[in-house]
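Below you'll find only one chain, the form predicted on its own, shown as structure tokens.
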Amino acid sequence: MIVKVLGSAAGGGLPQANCNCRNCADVRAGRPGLSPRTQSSLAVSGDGKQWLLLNASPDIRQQINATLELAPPPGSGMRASPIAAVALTNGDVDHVAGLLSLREGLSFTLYASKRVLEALAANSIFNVLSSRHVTRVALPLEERIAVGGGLAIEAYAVPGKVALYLEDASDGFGTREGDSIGLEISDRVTGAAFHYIPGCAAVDASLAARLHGARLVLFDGTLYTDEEMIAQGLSEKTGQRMGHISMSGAQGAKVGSMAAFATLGVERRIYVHINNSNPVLREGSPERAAVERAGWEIAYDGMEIRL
């Protein structure tokens, strides 16, 4: 099974268009130790021919053009694509906006939770994905389904938050179970499997049990500290308010992912969906050193993993 990181950044990418934080300013200036990053998305294949995209970021056209395996195969006709399916982990704009770039008659199957599919159906702009070409399939929770190319998906609920544009005034902003899901992608031939969880608010007992002993987990790396964006003057929201667990933190309600994973025995741990404010993006930073000491890797655009 081949896993390619198409984009490793959170919403806005690095640099973000309207952001002048230290990371964004330095990457624009070409200072060493920082690399530009597009918004979070993966591509997975069991046979190297048919590909499954995990989330469709606003940068998906750029990401496809940068990935030769996702180009139309030679001699395949005037309209062709090896992209056979797209699976969404939530309804966030940085995970669904790229669907609009997959129009023009591209045929694929779209997998998402029932609620996310309902949100897409309620917005007429997504009608550009004609039912003649795009089949929409609701992902059941806790059930493994075949998705073509020798792959299977099992979706499961993870602690999180409803997409910003779907929030209401109720407690929890109207969040329901399944608004954020994790995906276990498995190769039906070899049995190799990994977990993709780009948005998660906490590692609760259920999630910890599911991930225990996993071979590979690509996990939410949005922020290093819960109040990171507030401290930098970038937002009034904490990570928890946005539905994201922080990397650091070891006590009470602010146990971070490094501490939460410390006893899970996960063989390989990789942070994805990393916000432009996060100091781990800087090679040589104390924060980067801390996550690497804890056994984590920082994903980058173009990273390839083979299982």
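Since the structure is predicted, the reported quantities are computational estimates derived from the model, not experimental observations. Just count from 1 along the sequence shown to find any residue number.
Although it is not shown, the form predicted in complex with a further copy of the same chain is what the next lines describe.
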Within 4.5 Å of a further copy of the same chain in the predicted bound form by heavy atoms, the stretch out of 191-199, 178-186, 139-147, 120-128 is 120-128
Contact residue in the predicted bound form, from Met229, Leu207, Leu110, Ala84 (heavy atom within 4.5 Å of a further copy of the same chain): Met229
Ala43, Val280, Val266, Ile64 - the one with a heavy atom within 4.5 Å of a further copy of the same chain in the predicted bound form: Ile64
Is it true that Arg28, Glu104 and Leu166 each have at least one non-hydrogen atom within 4.5 Å of a further copy of the same chain in the predicted bound form? yes
Test of understanding: in the predicted bound form, would Pro58 fall inside 4.5 Å of a further copy of the same chain by heavy atoms? yes
Whether Cys19 contacts a further copy of the same chain in the predicted bound form should be assessed with a 4.5 Å heavy atom distance threshold; does it? yes
Interface membership of Ala152, a further copy of the same chain in the predicted bound form, 4.5 Å heavy atom rule: no
I'd like to know whether Asp94 contacts a further copy of the same chain in the predicted bound form, with contact meaning heavy atoms within 4.5 angstroms. yes
Heavy atom contacts to a further copy of the same chain in the predicted bound form at 4.5 Å, residues of 215-245 in sequence order: Met229, Gln232, Gly233, Leu234, Glu236
